[in-house]
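As structure tokens, one chain now follows by itself in the form predicted on its own.
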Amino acid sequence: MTETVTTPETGFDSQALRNRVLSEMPDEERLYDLAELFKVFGDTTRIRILYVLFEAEMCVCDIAEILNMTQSAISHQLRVLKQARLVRNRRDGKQIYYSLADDHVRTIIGQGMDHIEE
């Protein structure tokens, strides 16, 4: 049994705090999904691809040339980014073009850069 500790000096109610934290905690499935999203950002190649896509929608061949990598390697990483809903694609004839899924991607990367540059 957890006891409530309220100190006269602070008026701090630890039980109320624990209850509030528990009520605001996302469920396990959402926490898992969030952790999986952040894992996607754990690869330098994927971050580099996102930076390329900050500038414009591009096809695999252009991304590969910019990053000096094979189209196969870029396609593999784009598949991971697409599964994480960080990029989207559109077909124009035989060519597939990739772009950022939305502005959240730019925000996440930007805040990460701000954090490491502090």
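Everything quoted here is computed from the prediction, not taken from an experiment. Heads up: residue numbers just count along the shown sequence, starting at 1.
In what follows, reference is made to the form predicted together with the DNA, a form of this protein that is not presented.
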Is it true that 19, 30 and 85, all three, sit within 4.5 Å of the DNA in the predicted complex, judged by heavy atoms?
no
Check whether residue 57 has any heavy atom within 4.5 Å of a heavy atom of the DNA in the predicted complex, and answer yes or no.
no
Wondering, does residue 96 line up within 4.5 Å of the DNA in the predicted complex on heavy atoms?
yes
Heavy atom of residue 43 within 4.5 Å of the DNA in the predicted complex:
yes
Should residue 73 be classed as touching the DNA in the predicted complex when contacts are defined as heavy atoms within 4.5 Å?
yes
